[in-house]
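This document contains two forms of one protein chain, each encoded as structure tokens and listed individually as structure 1 and structure 2.
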Structure 1
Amino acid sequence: MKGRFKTFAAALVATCAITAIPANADNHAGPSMADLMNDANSHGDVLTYGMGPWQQRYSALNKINTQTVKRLVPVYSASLGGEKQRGQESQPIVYDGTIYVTGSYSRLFAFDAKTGEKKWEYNARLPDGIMPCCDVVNRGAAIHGDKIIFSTLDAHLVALNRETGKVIWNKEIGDYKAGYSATAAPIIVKDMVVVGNSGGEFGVVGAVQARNVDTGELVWNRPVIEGHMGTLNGKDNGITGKTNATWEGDLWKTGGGATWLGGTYDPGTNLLYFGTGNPAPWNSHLRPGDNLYTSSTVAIDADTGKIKWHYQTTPHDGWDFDGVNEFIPFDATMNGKKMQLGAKADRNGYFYVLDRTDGKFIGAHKFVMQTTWADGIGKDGRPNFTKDGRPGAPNGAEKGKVVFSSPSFLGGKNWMPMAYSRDTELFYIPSNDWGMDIWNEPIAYKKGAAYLGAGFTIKPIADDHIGALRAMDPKTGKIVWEYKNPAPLWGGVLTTGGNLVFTGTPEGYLKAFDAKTGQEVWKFQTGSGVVGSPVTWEDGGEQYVAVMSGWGGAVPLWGGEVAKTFKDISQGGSLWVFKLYNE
């Protein structure tokens, strides 16, 4: 294990040397590119979304472990205040004695890390016409030098001075009047801020943008629907794919594929991995073909913005199986061969392992109770579609044949990020077991209007649970253990060198599990549903854990019959920080 750790650290150091970016010697200058690339191995701060460019959400810290976790107590709770509650999906950033969190309605807060005292607050001035499809959430910020940067619901990127909260630059990344919005945490790569867009339900075109972190000016733009032109330094940089190869007529012009969850970065290959959303409209009978590059993972050259490889998990998607789920790099030995791999737990219910250097399919395994749309993934990596699993085509003005589909469109796994432990070599997947009645309807594109052409009702499929945290072995596809939760799980996961796995529940608990066995070893009631992503760091010889509490997200909006499992949950908006009580 120690050898792998050294290999990972060496790869990051080598990358930083190649880019000739020196580490900052003092905290006043702020974290440098080298600091960000080393975030997975530095334990005194949390500088990046996912705790490192690979976003494994693993920390080697072990003072809080299966033996000591019973002494874990809150240090403070800092309220976001006001009436703007709803879903709090943010991951905290921790640097130089300050915790930065984003809040619902495009807000950003700076709190004293030791006391929880608020240092400053920024509220984006949002227009009335914003169109977030799935709650007014935000998933976190990026830090670099003197800036803290986040995306907003009116499809802007905003860079603030991290010490004062004053605006340094503010750039539009999409037209909110056409349905574009933004909720992802940006990532910083080679002094560029890289971000995707939201809005797939409105017929937007998904894209990945890289901007100069100091000025916000566009460096490159890569649309992820074939037929659209990319740019590099203001000049054309090649069409994505081949126009009309997998889309008929002009449907590619409003093809969806929103990249709304952001991406990961592998310094070794210099590739950015972004998931792409569902094709538009949902009614698949209107758009024959695979509809590249929707419901896929695309690997993009960080320097040029060109797609190096792609892998489509749900060709010709007809169930809203967004492929945006994070692709997490990891190294492993399989069949005696050391491999550079990546894994993704897809909304369609299958866990995929690919060669991250070229996108070659290695394997796929079901991680949910039931998949009705496909009965497996073939050796070629394409799904074995089931007969009658696809909702029918509309007949004139009448809706098409209703089918029951599992998972539901909210997915076997949705936005909530999984974690990978370098100790257990397991992935910990926050998932949900549920299905839906789904049907297609006639639809025509209208700028800024919902572009679905489908209807649905979500239903439970199990008597004893909906949510399930599952530990999966990526080498075998075996589910090693699972924890079942009555209400849907919607929060991120953290795993540590203390043999622990942390995640939250809608019922308001932050919970810790034994990483090897799945035994629940600790829980704390935060007063509202936990849908944020926990983090950990060390300061003054003590290990801290922080998480956001505040129930919301897409589930309360679209829950259907499963809503009765969370009907009594109160909303909220608080940052909770914990450490061990010294006996």
Structure 2
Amino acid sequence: MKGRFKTFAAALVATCAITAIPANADNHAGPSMADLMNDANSHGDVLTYGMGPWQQRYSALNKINTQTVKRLVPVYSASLGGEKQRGQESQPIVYDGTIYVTGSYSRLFAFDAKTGEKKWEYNARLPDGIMPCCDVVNRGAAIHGDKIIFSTLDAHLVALNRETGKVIWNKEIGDYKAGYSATAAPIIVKDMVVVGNSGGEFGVVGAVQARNVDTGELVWNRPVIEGHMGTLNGKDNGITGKTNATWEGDLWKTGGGATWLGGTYDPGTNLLYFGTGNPAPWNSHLRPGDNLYTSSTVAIDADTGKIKWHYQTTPHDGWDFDGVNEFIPFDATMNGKKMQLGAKADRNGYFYVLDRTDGKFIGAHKFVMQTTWADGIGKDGRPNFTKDGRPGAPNGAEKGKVVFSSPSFLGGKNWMPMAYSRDTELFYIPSNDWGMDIWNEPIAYKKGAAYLGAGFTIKPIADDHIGALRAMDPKTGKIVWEYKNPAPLWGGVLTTGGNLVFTGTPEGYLKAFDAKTGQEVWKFQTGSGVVGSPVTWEDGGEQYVAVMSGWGGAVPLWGGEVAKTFKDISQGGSLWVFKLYNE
């Protein structure tokens, strides 16, 4: 107990020290590491994915507020052009009069922040043999000094000169021929670029890598499945977990756990928090045990790449409940005690609060309509699995028992990031209510040969909505308000000191809600579905809001009854920027 308070005090000092550093006056040199760590408190720019290392997606700016938001009008719309439209899941970066956005097909654009005029565009040259499973999206870039850095579908990290768009370095982070790819926004910590990996293919193993931001050289690598050796400065740095503790045979070697959504960072504990994907193979009956560290959050020491703690949200996953969702640090007083916490809204439908210093379970609450696979999370942090909630094992040529499962494999929440308001002390979770029939196939075909697969069909579970933006009180687990949307929500959330919550809808709207009541106070039709993450900043005394529009991502690729809600939505690809109309 004493130890925890000591850590807390140290973290507090560290945070204050960072806040005290003035913003870099010399813009030509570009943002420094201190600038990046201070991003949540600097209002003239947006330097990091999530607006600060904690990625709370909160800005104290309040010129745009529940009273003035009716005067919010577009300043410009900048098209990404070309035929390469599809899903635009990016979050803009704003620095020194320039907006940087990544686009579908691994492109990066620099626009004049005031006018929307294009400064330059970079198109990654991608091999045509990549067959991405879930659209050709990208979630954003990282900025540091003279560089703007993003990941590509062929699993490369590319650093460009932020003024010219010319390549400074380009490194492979995984072999795309073995199924690796990358779509997450990298984060920058201690002058290292930290990234996870994607891969839909069986055989991929999740890992987190840290690379020197100036050269792209690997500093450390940490595979997240037990049994794998990590490295630091080219030397072995310990095995993750204990080999064969929760996996039989050599299944850990190909155990899955892709870290495809990137992570968050807490300067106080110096820990990186990364979510890990579901285990392989699909049929859970073939891999008894918890299968660590899949469907988990792992806390990694930023200096050494060692795992300090782990917390598994879905032990022995059998429903495709990828645990990749963002773990967002926040501070709160609970039962009279000041706590260093973190929260995660998991695919499995539960919202978890943990002590971020040691991963200790604090509480978990349902944030979706229905969780059929478990009827709550026990005091020990393990789910109370529902009897018969798991799809059965195939029996010879017969498919395994079909079960109805909610949430569906696309999750109570998928990739789209939630936001935390320091004013209301609520989390705003973009969620979806949907279920699936799921079964283990006896025979399917892969590479033209027979194998055991899985089948599923996604179904709506409510008459009036699939998407739901929910305000969750992390202390009580109560849902304070909810907004229901006919089509699935698939975009990120922003909350502000103006008592506002912004998010987009597939129907094409960017919407603003009263952060306390959930009342819709503003909307604007962008012409295509909004699945990007909005941001806000101030320039010349005016507050701006920006978001990407362009329908796509994994949802349109899965049909069924859910597809009825978005079949008429047009694709697009443009950056929209708004400010208040002054009379």
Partner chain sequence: MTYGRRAFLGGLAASAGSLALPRMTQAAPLANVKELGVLRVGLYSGNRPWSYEEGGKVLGIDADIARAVADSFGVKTDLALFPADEEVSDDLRNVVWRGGLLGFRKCDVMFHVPFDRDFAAKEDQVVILAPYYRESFGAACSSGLPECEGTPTEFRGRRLAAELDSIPDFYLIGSFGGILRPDVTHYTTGFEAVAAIKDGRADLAVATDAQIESALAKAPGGDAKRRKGPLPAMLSPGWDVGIAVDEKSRSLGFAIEEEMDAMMASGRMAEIFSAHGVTWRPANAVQV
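The structure presented is a predicted model; accordingly, all values stated were derived computationally and were not measured. For residue numbers, the reference is structure 1: its sequence is counted from 1. For clarity, a rigid core is taken as the largest C-alpha set superposing within 1.5 Å between two forms.
S.K.: Given the two isolated forms of this chain, which one is the form predicted together with the partner chain?
M.R.: Only structure 2 fits here, because that chain is the form predicted together with the partner chain.
S.K.: Please check if Gly116 moves between structure 1 and structure 2, taking a CA shift of 2 Å or more relative to the superposed core as movement.
M.R.: The answer is no; the displacement is under 2 Å.
S.K.: Does the distance between the two CA positions of Glu441 reach 2 Å or more between structure 1 and structure 2, the core being superposed?
M.R.: True for Glu441: a C-alpha shift of 2 Å or more.
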